[in-house]
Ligand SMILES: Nc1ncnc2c1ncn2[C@@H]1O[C@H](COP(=O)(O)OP(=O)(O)OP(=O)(O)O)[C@@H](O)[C@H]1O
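Coming up is one lone chain in structure tokens, specifically the form predicted alone.
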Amino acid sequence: MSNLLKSIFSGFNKIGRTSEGSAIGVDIGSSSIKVVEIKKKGGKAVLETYGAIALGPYADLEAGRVTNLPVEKVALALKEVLKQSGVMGKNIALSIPIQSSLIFVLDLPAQIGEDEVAAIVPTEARKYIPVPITEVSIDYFILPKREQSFEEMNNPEMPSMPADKINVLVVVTQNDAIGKHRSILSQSDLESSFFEIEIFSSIRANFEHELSPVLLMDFGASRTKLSIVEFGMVKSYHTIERGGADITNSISKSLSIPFAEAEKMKKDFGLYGDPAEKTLADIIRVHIDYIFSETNNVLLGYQKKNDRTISKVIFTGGGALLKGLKEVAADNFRAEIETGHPFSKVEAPAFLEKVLITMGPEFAVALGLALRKLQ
């Protein structure tokens, strides 16, 4: 492998198989592309291969930097990561970045019939969409009514569920984003079974059978994405415009060191701090405190509106394994803190177990896409 590729690839593993009957998920992020291929064997999902490629070098930047590459460069990187990972199939499932989308819940009168919802949603959605309606595609899903919990049924003082509303989850996607992804596929000589907004793929990869509201925190390079999920349904979604690359940038500027060195220090020491550089933990802590403060505001708003508290926080994304993150989170949230382990949903060789636990959060979206395609 050339020096360029060594600087681009963050890891790939070929386990040895054919592409027949396989499902390929591809997550094109702001700083990297991740790919996962799985296959159904004996009624179980089995990991075939996975790989990641940094996009920074394709923009003449360091690995880990946030990029905004033209279609041609993204297609070039996509073909390279598929080649190096040993993916042979041409039909993939592809994620749409959340920044190209809008997710919200509409409260509509309960007496409205399902056939009327289709006509009402576009009109009501206009109030939330900051661009002309002709520039977006709108999809929606009527959320099932939540049944009362045991505590609610046996505690008359607890607020009852409103019976005069139906909740509709609305998903709006920019047509330009869909067009860009189609162009990437075309220039990569690939086809896609479907496009899916990344957060839904991540939920599929990280969740089991959670009965109480859970917060999924996706720590990306350019932003942190918050999804409050109940019974597998997104009830609230928010984005915090700060991510892992911002932290590395601050370390680089504060300590006057190259970005690549700052990225290594962040991963090696995290919030535990570097004994040789006392200010490292403080630099990182400023960003984490901001992210957690914004998150608490979201949780308080959700609790006030729904009279429901969050029972668990699941970390996912490339920044989820920052050292010391769970300990700081435990001081911020009155909830169980858990780091997602997406690869637990597939079978893989035992010798890969530790590697997959470490890399799992970063591959959640790609794996979630593959899991849907395999169904």
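Start at 1 with the first residue shown and count on from there. Note that the coordinates shown come from a computational prediction; the quantities given were computed from them, not determined experimentally.
Separately, the form predicted together with the ligand exists; it is not shown, and the next lines address it.
Heavy atoms within 4.5 Å of the ligand in the model of the complex are found in exactly one of 37-45, 302-310, 330-338, 315-323, that being 315-323. Although the partner is absent here, residue 32 sits close enough that one of its heavy atoms falls within 4.5 Å of the ligand in the model of the complex. A residue is said to contact a partner when one of its heavy atoms sits within 4.5 Å of a partner heavy atom; residue 225 meets this definition for the ligand in the model of the complex. For the chain shown alone, residue 203 is not a contact residue for the ligand in the model of the complex, no non-hydrogen atom being within 4.5 angstroms.
Interface membership of residue 245, defined by any non-hydrogen atom within 4.5 Å of the ligand in the model of the complex, is confirmed.
Of the residues given (238, 267, 182, 83), 267 alone sits with a heavy atom within 4.5 Å of the ligand in the model of the complex.
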